[in-house]
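This document starts with one chain, in the form predicted alone, laid out as structure tokens.
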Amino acid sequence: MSGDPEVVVIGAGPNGLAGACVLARAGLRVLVVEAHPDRPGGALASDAGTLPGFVHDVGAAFFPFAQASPAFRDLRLDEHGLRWTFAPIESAHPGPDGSVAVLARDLDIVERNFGSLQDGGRMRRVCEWHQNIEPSLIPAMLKTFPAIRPALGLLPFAIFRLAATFMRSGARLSKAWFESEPAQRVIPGLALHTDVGPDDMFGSGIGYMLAVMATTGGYGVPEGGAGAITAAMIRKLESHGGQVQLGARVKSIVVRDNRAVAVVLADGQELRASKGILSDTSAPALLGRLVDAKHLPGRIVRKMANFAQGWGTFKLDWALDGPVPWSCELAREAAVVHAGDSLEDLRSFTNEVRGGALPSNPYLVIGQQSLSDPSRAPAGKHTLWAYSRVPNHAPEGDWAEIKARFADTVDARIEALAPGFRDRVLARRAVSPADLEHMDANLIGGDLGGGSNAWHRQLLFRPVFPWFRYRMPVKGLYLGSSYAHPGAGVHGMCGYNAAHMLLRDL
């Protein structure tokens, strides 16, 4: 790069890189500084964490929003080597009683296998209606709030029907729509990808979106690992002259005359930014540590000190000697398997985690990437990836003391649905909330969601009113992480929107 950067982007996660690509494409000199010494990507990366030849995603692994994301479509990452693979079934929800409901891009499969034929027909009609409104709905949800122009495409009737859907809890919506237990557990179960429980007010929206988007964009698996998305974004950035500097941890942001003008690295180096600074960090880190409190309103400082995080995450990776021997045949073809026995089981899980306890019968999101991407494992072998939600802090002792014990609980949970699973395990890696935060400082207490996803922490309250449109209280400073609207999910929209806001201000 010739001369000082005009924009410094803090953090090389998917949002930071999406924002950096937009800014570099606009002709600005962009430098991305990343604390990790060895790789960009944050939680969007892959490694050989169990045995040689097995490729595991260290964080995010399945990407329904990536297929529909205006940011990723605009950046055209396929031109930079990104390739997607898909399994025949996107999501299977088997129960210990042998029942199952599945989601797939082929709606004939959904109709035949969604608890009952009646519930399958109802789900098909919901998905067909959603397909008609998705081209307007996705921009309305993901672009800078309020996204009035795309929302106009939903008027007059679609927006009222959506409001009636989103205003319910996941359990109430499922009971209103479906009669069978397998069908009723799908939407509330999908909402538990975040910290939204089955009976939470306005809690149906997340589960609904993950359900219907499984039938449109699908749960895609990037060929070669999640790190392939990061690699494509780096190539895009470099094609426009942008650069990434690894091992560059930001210690503070320099503010003069109420304007962010530079970042100071941990080694003392100061990097000037004449046009702006875009931060792909947590809101508490940006406004509670990097910017001196004297430059911020007292209310914001207090808010950051007590910022509401989402639940912790306990993740596991396995190297397997063969595919998982699910009792449910349809689960053997699914990209993702969700282990949640019933609505009551999901309620008990939610109550245990919110009470600060490790779940006794953990709800699991289980990823089978090697089914559609054989490059993830040696011939005849398979990888497996899973997580459960847990408290942010170890309920007893520390995570090092209880990690193996809870991992055994997860193994037993899978074994109950797939007898013989443990015999196929060649190696296992357990990753606690503390391990996740050590890997990526944005994942505070293992929170994958950029803070709580409760309804009253969205839209104009994300991260805090009135700074919900990426501009921060200090001029020239923008928050473009999942702590900003529209929140978590590998779609790049937080950084993409923040970059466009910066360009608008310029």
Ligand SMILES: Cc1cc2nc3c(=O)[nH]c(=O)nc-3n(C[C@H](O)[C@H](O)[C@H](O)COP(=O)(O)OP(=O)(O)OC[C@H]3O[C@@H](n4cnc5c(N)ncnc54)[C@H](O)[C@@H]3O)c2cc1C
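Predicted model, so just to flag it, every value in this text is computed and none were measured. For every residue, the number given is its place in the sequence shown, counted from 1.
If you look for the form predicted together with the named molecule, you will not find it shown, but the lines that follow are about it.
How about K236: is it within 4.5 Å of the named molecule in the predicted complex, going by heavy atoms?
Close contact is absent here: in the predicted complex, K236 is far from the named molecule, nothing within 4.5 Å, heavy atoms only.
Using the partner position in the predicted complex, report whether F62 sits within 4.5 Å of the named molecule, counting heavy atoms only.
Flag for F62 set to yes.
Going by a heavy atom distance of 4.5 Å, is R249 a contact of the named molecule in the predicted complex?
Yes, contact at 4.5 Å.
Does S432 reach the named molecule in the predicted complex if we count a contact as any heavy atom within 4.5 Å?
No, S432 is distant from the partner.
Check each of L162, A232, L290, V261 and return the one that places a heavy atom within 4.5 angstroms of the named molecule in the predicted complex.
In short, L290.
So, a 4.5 angstroms cut-off on heavy atom distances: do all three of V33, W385 and N442 pass it with respect to the named molecule in the predicted complex?
Contact check passed for all of V33, W385 and N442.
Using a 4.5 Å heavy atom cut-off, which stretch among 48-56, 463-471, 23-31, 443-451 contacts the named molecule in the predicted complex?
Going through the listed ranges, the match is 443-451.
Counting only non-hydrogen atoms and a 4.5 Å cut-off, give the residues of 472-497 close to the named molecule in the predicted complex.
Those in contact are S481, S482, A488, G489, V490.
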